[in-house]
Every structure is written in structure tokens, then in C-alpha cells.
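Consider the single chain below, provided in C-alpha cells and representing the form predicted alone.
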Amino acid sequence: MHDFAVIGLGAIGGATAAELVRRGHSVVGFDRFTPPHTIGSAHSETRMIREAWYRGSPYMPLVRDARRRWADLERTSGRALLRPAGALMMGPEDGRVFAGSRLRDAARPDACDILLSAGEVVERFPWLRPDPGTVTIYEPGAAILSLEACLEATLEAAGGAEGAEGAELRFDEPAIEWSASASGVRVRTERGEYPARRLAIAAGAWTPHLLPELSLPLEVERTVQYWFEPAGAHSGVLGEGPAWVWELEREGTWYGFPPSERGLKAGMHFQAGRRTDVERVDREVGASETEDLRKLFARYAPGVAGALRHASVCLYTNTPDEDFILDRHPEHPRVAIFAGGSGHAFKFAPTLGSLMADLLTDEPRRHAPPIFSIDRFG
């Protein structure tokens, strides 16, 4: 019998398995595919790790801890995981991006972030054309995570260092069901049944299928990432950064990354009305979808995006408040759950994996913030 079983070996489940192995426990993990893959949420090359959005919130210590852990993993794995690039947080002052005082506090003199007017943005980053009322916080210390490399390094850590016992990672073996009793847990797949003392569930968009008894208010959303040929007079300096997250008054929240070998990546953070079922996702990207994004480039970054190189469908699993669920199962204390990444969980993965391990091992380490409680949904 293993000490722990983990269902889902994406970013959070993989980090949970790696942390449990690091603490000396025996682990068996299951994934319906072989990560990294393009079927769920943890793919599409890059993610931002930044602090400005989280200042004054319970996420702030978590993002700092995660950045330290990513740097440690980069060092021990020998892989390039973090690339400094800076990031822009942009939008109307009374908009969602700048709601409350969190981001206004980021522009204090003792903070590293820089508050910019629309005109100052154009001076510093002349390929951008913000509207006159746009407020921007520039975070020079923000970085870009190489997503697939991060996931590969995490799973390698879960597999154990050379000469050390690692987790038994069972890829292409989806968990069909699980059960829990006073003596332990049991996971059933098409290949057999696996007993363990405790269980972590971090199955992303497949979570509702594994926890139907909880009726969690999770909504799976179809989003699309695009990679364009960098174009125009500024294409040479685009690669230096920054990335951006830009709230627009009508269109939604638009984001973009400096060009990589694949191209200039951009997309919409949330796409209203794109609710889907994980078993029936439309993986084809229509020409009209691409044209909608081109209109944003034409208006706010003219001449920057050339020919479309690639497009990929990604899944968000959203909670109503966009905060994560990280808690024990309310009826089975031997089971810990992570769900509802809501489009911003990946950057926190090693820290969330550590918090999941804390729950599973009852070790007196840190507690997950109360905002992650499963009880908040009644």
C-alpha cells in the first residue's frame, strides 16, 4: 500500500506528488494522458508570474513563495524555467483590474512597481496604443514561466532523483472512481485497484466527474491562445518584453507575451459565453475567433501581429469568485482537493502542491488561506 495516491498529474497534482516524495513518502499518481499535453489547462508554452495583481491579498505570500520554489526547481533540474520580462497591468481606473486598493497600493514609493499614464506607456513601449484614460502599473520584476519545461521538471522531481525512490506515475491511466474508509482510500482504473492511506484529487476540468456528490460550482470555460508572426518596425524589441494584461471596457481582458520561437502569443483571459463540457470541447479555432483578436491588435497594437502561426484551445475551470478550492473533502478527511484554478493557478503550482501535502500529512506547516475553503459554497 502506498502512503498517498494522487489523481491528476498536471501542474498542481504533479507538484503535490513531488512534494510528498521530497518528504519521504511513497506515492502513486494517475493521469488520463501523458503530461505535458494539450487537452487540459497546463499547456500553451508560457505563463506570467507577477505580484502587482495580488498586492494586499492573501495570494501575495503565496506568489512570492512560488517564485522562490520555481527558482529552486530551475537550479536543481538544470532546466530554464524563468525568464525576466516585466509585465503591464492595464485598464480603466474604475475597472475590474484596478478594483479596490490593491493595485493602487502597488504604486507606493516603497514598491518596485511604476504607475504610468497612457502617454508614458507609449513613450516606453511605442508599439502599444492605450486609450487616454488607461491606467498602467509596470512591474519590471515580473517573469515568464516556460510552462511545459516547468511541468516536465516537476514530474521528474516526483519521479525521484537518481538513486532515490520516486513516485509511481501511471500515465494514460484515468481514475474511474475512488472510495474512502476509516482505514484508507482506494482508486480504481481500467487496469486495477490501488490502495493508499490518503488521496489528493487535482483533476482540473475533470474534477466534477470525480466528485459528483459535492456538486461543486465549477464552470469549465473554453479559451483560445494564438501565436502570430511578429511584424512591424518594433518586432526587434518586442522580444525583450514586457508581457501585458489589459482590461478593455467592452471586449474583456486581453493579454500578450513577448515573442518566442513559436511567435507572439496573445488571447483573452476570460471569454464570456464559452462554457463547455470537458468531454465535448470544440477544439477547432474558427476564422471569426482569430479575426476578433486581430481587431484588438489593429486598435491597440497596430502593425505588431503578422500571419497566424498557431492556435490552441485551453480550458479554464472557474469558481464563482475565481478563488481556488484547496481543502479536505467535507465527508472524507483522508482526501484533499484542489479545484477551480480559474485561469491563474499555474504560477502558484509548487506552493499549492506544498499546501496539499500539508493537508494530507497533517504536518504543522502552513494553512491554506480561508478563501480557499470548500465550505464557502455551502
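For every residue, the number given is its place in the sequence shown, counted from 1. As the structure is a prediction and not an experimental result, all values here were calculated from the model.
Below, we turn to the form predicted in complex with a small molecule, even though it does not appear here.
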(request) May I ask whether Gly8, Gly204 and Tyr255 each come within 4.5 Å of the small molecule in the model of the complex, counting any non-hydrogen atom? (result) yes
(message) To test your reading of this chain, name the stretch in 174-182, 122-130, 289-297, 246-254 whose heavy atoms come within 4.5 Å of the small molecule in the model of the complex.
(response) 174-182
(message) With a cut-off of 4.5 Å between heavy atoms, is Tyr59 one of the residues that contacts the small molecule in the model of the complex?
(response) no
(request) Considering only heavy atoms, tell me if Ala52 and the small molecule come within 4.5 Å of each other in the model of the complex. (result) no
(message) Residue-level contact is defined here as any heavy atom of the residue lying within 4.5 Å of the small molecule in the model of the complex; does Arg69 satisfy this criterion?
(response) no
(message) Although the partner isn't part of this model, could you tell me whether Cys314 comes within 4.5 Å of the small molecule in the model of the complex, counting any heavy atom of the residue?
(response) yes
(message) Can you work out which of Leu238, Ala85, Leu210, Ala118 has a heavy atom no more than 4.5 Å from the small molecule in the model of the complex?
(response) Leu210
